[in-house]
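Only one chain comes next, encoded as structure tokens, the form predicted alone.
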């Protein structure tokens, strides 16, 4: 079942950039600051989708690609199982898609590469204040979810990742509006080359109208859920749980 694309993330006047000034690893942890972040999420999401509709994030030309694209967050995964897959070029790796789906799937990397591909040159904006432009390639997330067949109660796609930060599993999530946006892809290539370990091999999320912390790397599993409650600390992502970032990181 393909859910209609109903709106795109955008940004309100009190956008995430003005709220998340502390950087990916050093946001102010005060209760008042965290409360402001949480309270702004719903307003930003409603405002951005109203203003932006189904519009696309800006795409750039080859000449605009940044000479350096900073790797951020986890730079590697020390887990021996991951390292063995990395050494083999992920020949025996498969993406798990489960949860509120009609048909759970295990999808090899070769399958994802064989699907219709989208290539897009977009800008990555980090809450630390830096940006970079890169070319990404991969299948649309919506195509993968449609292959599994979503149950009517599914509302969120949760990305479980191979890496950990501060001793906690890394994860992220988006709702189905963003999941089925045409620029939301499972990227396996960056600037014409397969992703390296620092940039999230074998696949990473590109949800182009959201900030960098939403672009989950090292994706191992996509779980469809009806709620984010009861999942780790309930914030919908590692940074949302650990640092009070907004769940809806629109730009």
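Positions refer to the first chain, counted from 1. All values derive from a computational prediction rather than experimental measurement.
Although it is not shown, the form predicted together with a small molecule is what the next lines describe.
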{"item": "Proximity of residue 73 to the small molecule in the predicted complex, heavy atoms at 4.5 Å", "value": "yes"}
{"item": "Residue 216: touches the small molecule in the predicted complex, heavy atom cutoff 4.5 angstroms", "value": "yes"}
{"item": "In the predicted complex, residue 133 touching the small molecule (heavy atom, 4.5 Å)", "value": "no"}
{"item": "4.5 Å heavy atom contact, residue 101 to the small molecule in the predicted complex", "value": "no"}
{"item": "Among 220-228, 195-203, 181-189, 58-66, the region lying within 4.5 Å of the small molecule in the predicted complex by heavy atom distance", "value": "195-203"}
{"item": "In the predicted complex, the residue from 147, 121, 151, 165 that sits within 4.5 Å of the small molecule by heavy atoms", "value": "165"}
{"item": "Answer option from 176, 126, 95, 158, heavy atom within 4.5 Å of the small molecule in the predicted complex", "value": "126"}
